[in-house]
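So this first bit is one chain, no partners, the form predicted alone, shown in structure tokens.
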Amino acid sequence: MKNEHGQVILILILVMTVALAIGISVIQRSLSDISTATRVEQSSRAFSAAEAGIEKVLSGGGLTVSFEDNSSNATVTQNLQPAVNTGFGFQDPLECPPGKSGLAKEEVAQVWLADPNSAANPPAEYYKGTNLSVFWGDSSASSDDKAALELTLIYHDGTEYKSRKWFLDQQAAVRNPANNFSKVNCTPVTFASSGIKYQCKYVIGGSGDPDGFLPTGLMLLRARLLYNKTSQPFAVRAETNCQDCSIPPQAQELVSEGFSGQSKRTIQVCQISKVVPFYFDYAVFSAGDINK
């Protein structure tokens, strides 16, 4: 009889141990789920706060925003790009859109070379360098995602507006069907300012350029990526280090950091003033009326 009581006690202890282990496991899982859900919610709130900070600045408000109802806030840093060259070293490149957010296929990037704030027609000259470097493509992109580049340079020759075009492609020899673009031998280039490693570089007006020089009266440079499957970066840099060889400040760079609890989310936006609409590249110009 005593042996039977001892067995019952052992069985009860075993059952209680198993039940306790299961209970602890359930509690730990619940706590983990609650912690994960809290982090996700805080991350979402931080991202929303960062977005709200950007929207507030773009609408003419201040550089901070806070939401007491969900304990989130954001601070925005505002810079004008590119910074004016003081004549010591090269001007930092204009990377807009920023970083790897880059340009989608057929999307257009615009760079002012004249003074965008000039009220004159044509606008006052600003960039007077003899050449200009463009950078494009993500060096980490797959072998079948090599972007080509279409460049359009708008300038004023003293009497009228004119344009020059370049079609550049490191894959020109193997495109099917052939595109007859200029073949570019690409060597990756990395900018310390952003850490982005660009796939290709081309110097407009450099020794490899068929024209070999830039005209005077430079107005705009417009770039369009072709063939790319993913969004890829684009940048322009002055290649000479004089004050008249700076690209004019034209882009408002906004970096918004949103916070909620232990979460932090960052949004970076680049806004260029006075952007010419995309259909500018397809426009038909006529001295008279155009009849449909």
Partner chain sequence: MSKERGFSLIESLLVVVIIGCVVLLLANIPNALMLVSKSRHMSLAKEIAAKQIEDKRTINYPDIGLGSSPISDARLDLLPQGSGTVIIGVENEDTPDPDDWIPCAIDICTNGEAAKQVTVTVNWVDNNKPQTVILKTMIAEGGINQ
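Small disclaimer: the values here were computed from a predicted structure and weren't measured. Numbering follows the first chain given and starts at 1. Here the rigid core means the biggest group of C-alpha atoms that line up within 1.5 Å when the two forms are laid on top of each other.
Below, we turn to the form predicted together with its partner chain, even though it does not appear here.
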The one option of 266, 230, 240, 38 with any heavy atom within 4.5 Å of its partner chain in the predicted complex is 38
Segment that reaches its partner chain in the predicted complex - one of 245-253, 25-33, 219-227, 232-240, heavy atoms within 4.5 Å
25-33
Is there any non-hydrogen atom of residue 59 lying within 4.5 Å of its partner chain in the predicted complex?
yes
Touches its partner chain in the predicted complex: residue 257 (any heavy atom, 4.5 Å):
no
Counting only heavy atoms, which residues in 250-267 are within 4.5 Å of its partner chain in the predicted complex?
none
Large Cα move at residue 204 between the shown form and the other one, threshold 2 Å, rigid core
no
Residue 76: after superposing the rigid core, is there a C-alpha shift of 2 Å or more between the shown form and the other one?
yes
State yes or no: after fitting on the rigid core, is the Cα displacement of residue 228 between the shown form and the other one at least 2 Å?
no
Evidently the Cα separation of residue 43 and residue 233 changes by 3 Å or more in the predicted complex, so the atoms lie farther
In the predicted complex, whether the C-alpha atoms of residue 271 and residue 201 sit closer or farther than here (change of 3 Å or more):
farther
